[in-house]
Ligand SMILES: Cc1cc2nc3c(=O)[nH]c(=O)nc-3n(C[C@H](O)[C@H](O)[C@H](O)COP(=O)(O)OP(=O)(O)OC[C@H]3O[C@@H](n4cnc5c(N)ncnc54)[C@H](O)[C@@H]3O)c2cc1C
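There is one chain below, alone, in structure tokens, taken in the form predicted alone.
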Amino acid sequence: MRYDLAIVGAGILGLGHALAASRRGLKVVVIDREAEAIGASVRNFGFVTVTGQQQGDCYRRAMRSRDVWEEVAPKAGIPVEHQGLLVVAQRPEAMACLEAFVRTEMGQGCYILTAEQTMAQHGGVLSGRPIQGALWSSHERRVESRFAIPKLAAWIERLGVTFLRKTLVKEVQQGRVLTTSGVVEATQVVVCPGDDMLTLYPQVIARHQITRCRLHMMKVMPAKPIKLPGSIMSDQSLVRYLGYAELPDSEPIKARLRAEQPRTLAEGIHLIVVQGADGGLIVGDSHHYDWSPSPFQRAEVDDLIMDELHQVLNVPGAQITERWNGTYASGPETMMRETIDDQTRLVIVTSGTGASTSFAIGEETIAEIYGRA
């Protein structure tokens, strides 16, 4: 059988391309080496993050992808677990950075809460330690990745997209994809390899200086039920997320964190907390970069993350019920897209923003191949 488009990789980026192509009425096949998604797409927070993404293309893609998630989630039977983002400012320098952010074009749909307003509205879940205030964003959405990605793939398959699972792509030639299940004929091919940097086009990937990032992730059950208002971040996020970190007003909070929490910054830690339907909290994360990241998870890193959790949220007696390593391809840009030849493209999200930007990236690639709809 011949296809209009073959997509290599069934993570969120491959699914984003498949959805965009299927909406064009194209005959599409998605090929993946695994029986189901086990990589970055299901190991993350399921946090569709808009606020704090790098100004420009990344922010724009996140806004568009959020809209697509909102459209397709109910059709695919994917619950949106909660909406919105609360960034709690623990230090005056963090508050100043958030106030500067709200004044930018990226601050639309966001507003500042004073310390009194924050405690009045959200004091029931916060730790009670002194804070300076908070930023509230209405943009964010959260799905449970480990369930959402399989449901999304199943729904896209019902749209008419073919999936070839347990199938390794060995080589891509113009118009032909050589796999362990035979040859797939396709007029166009999009390769979305995630953090597999050797199987296909290793020289191209190497030019982009891509490595891997490993994250410490945990599921935490509170001793007493709490209800988060949305996703939660704190001061360290202003260093990690470029939408904040590239503002001149972020320099004072960066300096203070370097002085007060050097170990936390050295481990690439910033707090993200999201909540599932069972009341459990997905908590992370850290960032460690290496071509072959260690599979071993140091307890001291988890302890630092949990310390920050207790600094921000009122969860005494909370117990860790699961631990796992997240992973994603990481590079100096937020994503890369290379035209290999007139029938083949290589696309990788290189910033840990797959859930937040992949739908928009897929639309862009399909428009680049087939023209604007």
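When you see a residue number, it is the position in the sequence shown, counting from 1. Just so you know, these numbers come straight off a predicted model, no measurement behind them.
One more form of this protein should be noted, the form predicted in complex with this ligand, which is absent from this view; the next part is about it.
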>> Residue-level contact is defined here as any heavy atom of the residue lying within 4.5 Å of this ligand in the predicted complex; does residue 20 satisfy this criterion?
In response: no
> So in the predicted complex, does any heavy atom of residue 6 sit within 4.5 Å of this ligand?
Replying inline: no
>> Can you tell me whether residue 365 touches this ligand? I mean in the predicted complex, with a 4.5 angstroms heavy atom cut-off.
In response: no
> in the predicted complex, does residue 249 have a heavy atom within 4.5 Å of this ligand?
Replying inline: no
> Based on heavy atom distances of at most 4.5 Å to this ligand in the predicted complex, which listed stretch, 76 to 84, 125 to 133, 168 to 176, 249 to 257, is the contact stretch?
Replying inline: 168 to 176
>> I need to confirm a contact call. Of 217, 186, 232, 269, which residue comes within 4.5 Å of this ligand in the predicted complex, counting heavy atoms only?
In response: 217
>> Between 102, 200, 301, 242, only one gets a heavy atom within 4.5 angstroms of this ligand in the predicted complex; which residue is that?
In response: 200
> Quick check: do 144, 273 and 280 each get a heavy atom within 4.5 Å of this ligand in the predicted complex?
Replying inline: no
> Which residues in 309 to 338 have a heavy atom within 4.5 Å of this ligand in the predicted complex?
Replying inline: 326, 327, 328
